[in-house]
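Next up: a single chain in C-alpha cells, the form predicted alone.
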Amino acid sequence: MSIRCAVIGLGMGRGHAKAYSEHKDCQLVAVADVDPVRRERAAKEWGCATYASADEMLATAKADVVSVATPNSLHRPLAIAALKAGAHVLCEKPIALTAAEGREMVRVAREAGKRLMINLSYRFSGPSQVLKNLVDSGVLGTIYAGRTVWLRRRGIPGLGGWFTDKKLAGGGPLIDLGVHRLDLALWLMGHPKPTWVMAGAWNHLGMRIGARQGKSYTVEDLAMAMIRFEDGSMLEVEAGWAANIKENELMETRLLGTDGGLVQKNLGEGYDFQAEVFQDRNGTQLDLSPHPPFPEAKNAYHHFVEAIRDDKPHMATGEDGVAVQELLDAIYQSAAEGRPIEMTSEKTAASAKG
C-alpha cells in the first residue's frame, strides 16, 4: 500500500517531507510553499510536484496525508481545508492559536471521517518511550509533583519574523518550546485533569534584543506556571528563549511519585536525551539508567503513516493537542491578568467533545 503524502510549508515542513520520502510505503507527491527557492530545492531533492498555493495543491495532488507546517495562525484554516479535501492531517505544534480553534479542527476531522495528529514529537524519542512504559507499569506509584522545563540562554528563533509576532505565533517560547515539555509531562502523568493555573510571563530580554537589532518583538521571552490537578498533584512549567542561565539549551522533565521518580533531560546542551528512574527498594536508593539501543521508537511521521496503513490508533491526537492548548491559553490568561485561572468543567467537556 502506497500512501500519497504532501506537505504545506517548507520551513519545519522539510523534516516532514524528508521523513515521508524515506518511508517504503509513502510517496511524497507534492509540497507547497510561497518561497520559490524552497520549492525549487524540494523539486530537485525529492522529484515531487511543487505549488505556490496550498489551495491549488489540495485540489490537484489528491494526497492521502497532508502535513501542515506553517506559522501557527495558519494551522486551523489549512488543516480544515486539507481535511475537507479528503486527507488525513499531521499538523505541527501547537494545534492552533487557541483551544477554540483546535476544537474546531477536531470537530471537522470527525465530521470528515479523517485523522488529525499533532506533531508533539518529544513523545517519540527512545528515552521517552522507555519512561512511558515504566510509568505505565507502575514503577513510580502515584505521581504527585513534577517540573518540566525548556530554557535557552539566548535562542530567539527568527527574530523579527513570524515567531516573534504575537498575531502570527500566538505567543513566544511557551507556545513554541513549552508546548513540547508540557505535553511530555502530561503524557507521562496519564493526563490528569487540571483545576487551576497560576502563571507569569516577561519579555525584558527579548524586547531589549529586538530593539538593539531594530526588529519587532511582541511576545514573551520567558513564561512560568504552576498547574494543579484534580487528584492533588502539581506541575511546574518553564519556557524561555532568553534567560540568564549557564546552559545554552536546558531541557528537563522531572516527575516525583510515591514509589519512584524520573527525569528525561538533554545531554551536553544538545538534542540527545537521557532517561533515568530513581527508587527506594528495601531502604536502598537505586538509580536506574536504561541503556541504548532503546526499543525502536518511530518518528511521528512514520508512526502516523503506519497507523493509517495498519488501521491502528495513533498517538498525539487532535484531542491531545486541544488539552495542551487549553493549558497554554490559561497560562497566558493568568500571566496577563495576574491571577489564578480556574480550568472549568465547561472547558473540559468542550475538549472531550472536540
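Note that residue numbering begins at 1 and tracks the sequence as displayed. In this text the structure is predicted, and so the values were computed from the model without any measurement.
This protein has a second form, the form predicted together with a small molecule, left out of what is shown; the following refers to that one.
Asks: For the chain shown here without its partner, which stretch in 237 to 245, 209 to 217, 261 to 269, 119 to 127 has non-hydrogen atoms within 4.5 angstroms of the small molecule in the predicted bound form?
Replies: It is 119 to 127 that comes within 4.5 Å of the partner.
Asks: Using a 4.5 Å heavy atom cut-off, are Gly11, Asp33 and Asp176 all in contact with the small molecule in the predicted bound form?
Replies: Yes: each residue has a heavy atom within 4.5 Å of the partner.
Asks: Name the single residue among Arg181, His88, Arg103, Lys93 that comes within 4.5 Å of the small molecule in the predicted bound form, judging by heavy atoms.
Replies: None of the others qualify; the residue that does is Lys93.
Asks: State the residue from Val305, Ala69, Ala42, Ala63 whose non-hydrogen atoms include one within 4.5 Å of the small molecule in the predicted bound form.
Replies: Filtering the options by heavy-atom distance leaves Ala69.
Asks: I'd like to know if Val277 sits close to the small molecule in the predicted bound form, meaning any non-hydrogen atom pair within 4.5 angstroms.
Replies: Contact with the small molecule, no.
Asks: So in the predicted bound form, does any heavy atom of Trp162 sit within 4.5 Å of the small molecule?
Replies: Trp162: yes, in contact with the small molecule in the predicted bound form.
Asks: Is there a heavy atom of His314 lying 4.5 Å or less from a heavy atom of the small molecule in the predicted bound form?
Replies: No.
Asks: Mark Leu74 yes when one of its heavy atoms lies within 4.5 Å of a heavy atom of the small molecule in the predicted bound form, and no otherwise.
Replies: Residue-level check for Leu74: yes, a contact with the small molecule.
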